[in-house]
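Next up: a single chain in structure tokens, the form predicted alone.
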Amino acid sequence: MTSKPPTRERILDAATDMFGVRGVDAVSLDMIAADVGVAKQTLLYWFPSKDDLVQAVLVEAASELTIATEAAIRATGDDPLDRIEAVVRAVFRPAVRRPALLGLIREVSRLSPAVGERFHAELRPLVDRAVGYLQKEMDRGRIRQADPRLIAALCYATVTGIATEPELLRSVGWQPTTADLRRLRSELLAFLRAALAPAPRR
């Protein structure tokens, strides 16, 4: 017989899906407690307020993203374009597996600055590391010279755009399905490879 995950983990899991699908404002602690099958007081034992739960959900999402990205880097060879592709795939993989995470990204822009800042603070070391890596490879001539922060911002904007601009994307024929997420990922990877490949030596 398989035992249930710990209560805190089940609360975070349910809150991630419900916040991502319905939006933070539309989901109450009572709804989350009912979905998990625990009393509201049990939920409040782990998360004394809704803001505490929202922050915990965002920190967990950022932590999962960091772990997945670092694992992708370790599993890839030394070629910088291969590494960039591995990181992009690692970022998209959770979204393909669990579309509610895209909704969660959308919600970050709607939360109070203090809550949103905690999420960005969790991701900042990962972003700074990516920018440093891009700059190092540009200095070595292994990828084309560009503004590494803009490259990182373009990748981030692509992922967040999927979450925040679904109607705009639908107007060009894109649908938030697994197949279309993979297609968009492939287009982004092709764009990055073409944009960052070093110019041939003369």
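Just so we're clear, the structure is a prediction, and the values are computed from it rather than from any experiment. Numbering starts at 1 and follows the sequence shown.
Beyond what is shown, the protein has a form predicted in complex with the DNA; the following relates to that form.
Counting any heavy atom within 4.5 Å as contact, can you tell me which stretch out of 147-155, 39-47, 131-139, 60-68 lines the DNA in the predicted bound form?
The contacting stretch is 39-47.
Does T177 make contact with the DNA in the predicted bound form, using a 4.5 Å heavy atom cut-off?
Close contact is absent here: in the predicted bound form, T177 is far from the DNA, nothing within 4.5 Å, heavy atoms only.
Counting only non-hydrogen atoms and a 4.5 angstroms cut-off, does L29 reach the DNA in the predicted bound form?
L29 belongs to the contact set for the DNA.
Could you list the residues in 101-140 that come within 4.5 Å of the DNA in the predicted bound form, counting only heavy atoms and keeping sequence order?
If the 4.5 Å heavy-atom criterion is applied to the DNA in the predicted bound form, 101-140 yields nothing.
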